[in-house]
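Single chain ahead, by itself, as structure tokens, in the form predicted on its own.
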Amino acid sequence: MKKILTGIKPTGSGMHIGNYFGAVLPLIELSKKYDTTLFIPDYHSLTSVHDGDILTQNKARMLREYISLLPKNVRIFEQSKIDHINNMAWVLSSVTPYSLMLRAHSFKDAQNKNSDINMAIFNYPILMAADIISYDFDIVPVGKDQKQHLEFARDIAGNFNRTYGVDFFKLPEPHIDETVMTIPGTDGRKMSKSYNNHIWIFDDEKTLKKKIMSIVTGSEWLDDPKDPENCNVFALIKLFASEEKQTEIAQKYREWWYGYGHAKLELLDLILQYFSEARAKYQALEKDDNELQHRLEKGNHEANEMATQKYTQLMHIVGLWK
């Protein structure tokens, strides 16, 4: 079975519906065919998060979210628990051209913002390369905006293989889902944290209802017929409702008694039903994280075994170990 790897940086801002349908659900589908691993690149968070308590909280929230949603066959591990990952990155830096780093989107974005660029931002792609190629994964799902990370990892792996005359690092293939849906936010634009138009999956029911009731709709009166296909609420309903339920609600839109408030309440019920198991698990993990810790320990151990085997071979190839 081919091995697949993806990583999600702990931002701490929570998971919204767009994240779920854009990244989590596709990963769940991939896990039905591949040996699937999700890693938490917490070292990468240090490029911008310089408060230990905040980083700890960010990781804890994100881990609860993903463990609540992902099936148990998906391996989860923490980057910072891999013993030799930074040593691996240092060796890779010795075969990485300076000119390649100058082309990195993360570095260019920091330059454009005139920010004080730290060396972690500059070296970000090298550590990312180590994350990708230290475990002999075959496939890496990436969004179009993240494709450069994988391209750099392949370039760096190729540089090492050519420099030392070996066929050592596997060059993983990208998996880009061209059919990823654009999920509308509460204002009709693409759901995004930067637009503040998102709907969090794990908010309490009262907060979730308030957010859903704020969705922008048309201005028709209650007794006016409405077009479901031109409605932000119905666009979200279609994500969660069966075809039969969609047809039923679409017909209601055309009735004189059915308003946007009714549709929003139906959307709330559908979301609560769809995520009921995950929301219950999330709440349980907030009270007792034993299951979370057990799953992390298992994932960290398995990932460490893979990385250590690769690192041992690497050290012999470069001549540091004999």
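In this text, residue numbers run from 1 along the sequence as written. Just so it is clear, the model here is predicted, and its values are computed rather than measured.
Note that the form predicted in complex with a small molecule isn't included here; everything after this is about it.
When contacts are judged by a 4.5 Å heavy atom cut-off, residue 199 does not count as touching the small molecule in the predicted complex. By the criterion of a heavy atom within 4.5 Å, residue 124 is counted among the residues contacting the small molecule in the predicted complex. The small molecule in the predicted complex comes within 4.5 Å of no heavy atom belonging to residue 310. Although the partner is absent here, residue 186 is not a contact residue: none of its heavy atoms lies within 4.5 angstroms of the small molecule in the predicted complex. For the candidate set 217, 80, 87, 146, a heavy atom within 4.5 Å of the small molecule in the predicted complex is found for exactly one residue, namely 146. Though the small molecule is absent from this view, in the predicted complex it lies within 4.5 Å of a heavy atom of just one residue from 140, 241, 74, 231, which is 140.
Judged by heavy atoms within 4.5 Å of the small molecule in the predicted complex, the contact stretch among the candidates 56-64, 292-300, 256-264, 37-45 is 37-45.
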